[in-house]
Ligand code: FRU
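There is one chain below, alone, in structure tokens, taken in the form predicted on its own.
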């Protein structure tokens, strides 16, 4: 088993969305979209990794693979719950109606249908792919409810009156929506309600997640076609402070949203509760090309999600802060997993981390990865937060392929994939920089 710390990376080849994120029987389980045959997107399997602390991870191989008619062309994204000591996974199965004759891992002209399936494991490690799968929501037939092709990514939770799940969908490929279902027994599901915002918020809403915090509900979705600025990634992850009534499954969504991460590389976030009951999030970090080792795709550091009024914070998980406990005086002393840099950045000041630039201008934090990122048409090189309000403290996690800038304990976060970052660090004005790395 391959051990990884700080950031969970692809074991090989390709990964994307995190799935089935749950704390179960003393372990955090993170499943993920996985194409085991090459460093590219293809027929989706579920890979599986576990951790005791959200810091040190071990890959455990493939959990789900295509094996029935409804998922013969991929086991796509979904989530997990525990019931009677068993681990239940719900996910989207895809069946291509017209397979691309040039590539059996893709279809032609989006001619496919999607169903929602469930599989149950007694121990969280063994899954009966041949006989254990059950279709719980077949492909939709009523376009007034949702789309037969583009309805996917079930997120499940236990509510006050049974089980609930939320699905992402689209209204005639014009604007995204979410659908709510309810069940008493996990097997029989009833459609309850839907919510949407309109065409200015993307044509399809992927990977929805709805959860309650101490100050109210938060909705996270990944709208497709949200950005119109010509950059490569039009699909982005956003969050809203919402009002939700579980009895009626009615949801009120405000007009204003935040990006989950202002680096715009982060996608398909999923949350669960940790061992202490905190709402914690993982998400996929998109990468434009494979590393020299031949893998592509990784996951951000775990983040504690908190709503304060109408603002949503993403704090660095305390386990990760505690793991970076060994103080060092120079980047060269850092462990192979990387390091954490802590410093203040005032208006007009600049920090440079191995060619990666962080600056504060007009009350905003701006990053520039031009020197440590491949150039291609539409590449997103410069990231910027809204105006910050909580102070000037930065905590920066750095490894060879990811820099994460936590601003004022998660008021905003910028996460940027990088390639070939150097071993230098400086802040204008020769300000103090505290450096920490993981204990051996």
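Positions refer to the first chain, counted from 1. The structure displayed is predicted, hence computed values, not measured ones.
As for the form predicted together with beta-D-fructofuranose, it is not shown, yet the points below apply to it.
Peer 1: Might residue 209 be said to contact beta-D-fructofuranose in the predicted bound form, defining contact as any heavy atom within 4.5 Å?
Peer 2: Taking the distances in the predicted bound form, the answer for residue 209 is no, it never comes within 4.5 Å of beta-D-fructofuranose.
Peer 1: With the partner left out here, check for me: in the predicted bound form, does some heavy atom of residue 76 sit within 4.5 Å of beta-D-fructofuranose?
Peer 2: Within the cut-off, so yes.
Peer 1: Is the gap between residue 313 and beta-D-fructofuranose in the predicted bound form 4.5 Å or less for some heavy atom pair?
Peer 2: No, residue 313 stays farther than 4.5 Å from beta-D-fructofuranose in the predicted bound form.
Peer 1: So, in the predicted bound form, is residue 284 in contact with beta-D-fructofuranose at a 4.5 angstroms heavy atom limit?
Peer 2: Residue 284 belongs to the contact set for beta-D-fructofuranose.
Peer 1: Specify the contacting stretch among 305 to 313, 148 to 156, 335 to 343, 238 to 246, defined as having any heavy atom within 4.5 Å of beta-D-fructofuranose in the predicted bound form.
Peer 2: That would be stretch 148 to 156.
Peer 1: Which residue, 30, 403, 44, 413, is the contact with beta-D-fructofuranose in the predicted bound form, using a 4.5 Å heavy atom cutoff?
Peer 2: Contact with beta-D-fructofuranose in the predicted bound form is made by 44 alone.
Peer 1: Of 112, 262, 267, 180, which one comes within 4.5 Å of beta-D-fructofuranose in the predicted bound form, counting heavy atoms only?
Peer 2: Of the candidates 112, 262, 267, 180, 267 is the one lying within 4.5 Å of beta-D-fructofuranose in the predicted bound form.
Peer 1: Which residues within 313 to 341 place at least one heavy atom within 4.5 Å of beta-D-fructofuranose in the predicted bound form?
Peer 2: If the 4.5 Å heavy-atom criterion is applied to beta-D-fructofuranose in the predicted bound form, 313 to 341 yields nothing.
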